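One chain follows as structure tokens, the form predicted on its own.
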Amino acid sequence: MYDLIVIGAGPGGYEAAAHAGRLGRKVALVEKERIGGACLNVGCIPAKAFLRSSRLCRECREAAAFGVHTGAFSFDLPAVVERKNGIVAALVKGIGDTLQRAGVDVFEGQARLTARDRVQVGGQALQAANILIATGARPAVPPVPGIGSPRVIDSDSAFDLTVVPGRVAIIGAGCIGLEFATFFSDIGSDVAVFEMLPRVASGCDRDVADRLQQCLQRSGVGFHLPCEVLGVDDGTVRFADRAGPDQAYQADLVLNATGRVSVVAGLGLEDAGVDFSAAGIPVTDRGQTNVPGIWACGDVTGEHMLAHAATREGIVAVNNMFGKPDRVRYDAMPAVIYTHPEVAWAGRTEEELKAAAITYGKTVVPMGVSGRFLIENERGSGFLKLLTGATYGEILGVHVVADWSSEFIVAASALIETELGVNQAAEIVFPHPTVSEVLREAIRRARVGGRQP
């Protein structure tokens, strides 16, 4: 009899299992494929390994501006894949060691709920007072004729490519599609992005998304939006956009980057009485499903599909199931798109504040105020937008489009989480020279503008 059975060993599942184990609980973790889940094996980590290599290509082309002359260079994609595999293997081993130290029993196989407190794994029956579902998500497959043809890949299989394609068509301009657009563009592919919505990166601030699109277009990425993909035929993408109803783009490779959908099938959720749909498993901000003792976290909930959100949600669920009240505060959750330039944000967007009829102040600061930014980016541009409450000057949102923004957005998240006003935040010392000083400058300008603590 276990205190907790966790189904799924991605960032939400393995972190929750280790946390419960460190609390002295008896824990089982079930994974049918790979420890680390999609994030570690076919998502966050492989993507950033690929982007690090492609950034070096871009830096070689731009090196002369820094006084460095590189001469001819080439991009070895098989070597990039090998390096990625080494990084993933090292991290998988580290997670295994962490689970072992926490005393977690790991089971390999497909898990299925047979009752509120029972899970079947192959021929083995497990029982626990609590069950945490953390089965994650898989690539979505849109109803587009030909989307399953041989020249079409998804974000999972993209990390096994060994040949650089000359022309790439990317269907979807969300985080996944835009990061791959940066990667392929940096290594020399011609890239065209097809998006059904009238803008890219629909989840982030509109001004930031518009600037990101402009930057990617300057780097050679083509965009068709709003656009309807009518079909894929042997690498030819047929589509309709503002330019006309019947167009075609011939590609060597087509990447389906239309998002991810929650993995809910085959888990026995019906047998346990858990409410769910194709969109995911609904939960409270404490991780509870409609069935007492059954919890869920991460992408399977269909809400905040971020690895760090899954980790926090899993820990919150464990805390609550074992008597420590806790909840997830999504208003302060940071997010990053690792394009060139990067996009990072925490808190509410202008559109959200307007929709909620919240009166706010806005301070926009160009990245050029940071000496470190100018040092690191010869022709870089970007800005930081700070949104503050009109009455008390509380920090409501921080939105950045600029390289290195991923490394300091956590500071903005902390300011929102702790509900600091700009006058109080202005007393925080930022190290110099750093790119993060643009946040300090925005806070200073907002304070000078009359915000009260």
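Heads up: residue numbers just count along the shown sequence, starting at 1. What you see is a predicted model, and the numbers here were worked out from it, not measured in a lab.
Note that the form predicted in complex with a small molecule isn't included here; everything after this is about it.
Here the chain stands by itself, but in the predicted bound form one stretch of 208-216, 172-180, 88-96, 240-248, 172-180, has heavy atoms within 4.5 Å of the small molecule. The small molecule in the predicted bound form is approached by residue 48, whose closest heavy atom lies within 4.5 angstroms of it. For residue 197, a non-hydrogen atom is located within 4.5 Å of the small molecule in the predicted bound form, even though that partner is not displayed. Residue contact check for residue 268: none of its heavy atoms lie within 4.5 Å of the small molecule in the predicted bound form.
Using a 4.5 angstroms threshold between heavy atoms, residue 282 stays clear of the small molecule in the predicted bound form. 144 is the sole member of 192, 144, 332, 161 with a non-hydrogen atom lying within 4.5 angstroms of the small molecule in the predicted bound form. Of the residues given (258, 370, 135, 289), 258 alone sits with a heavy atom within 4.5 Å of the small molecule in the predicted bound form.
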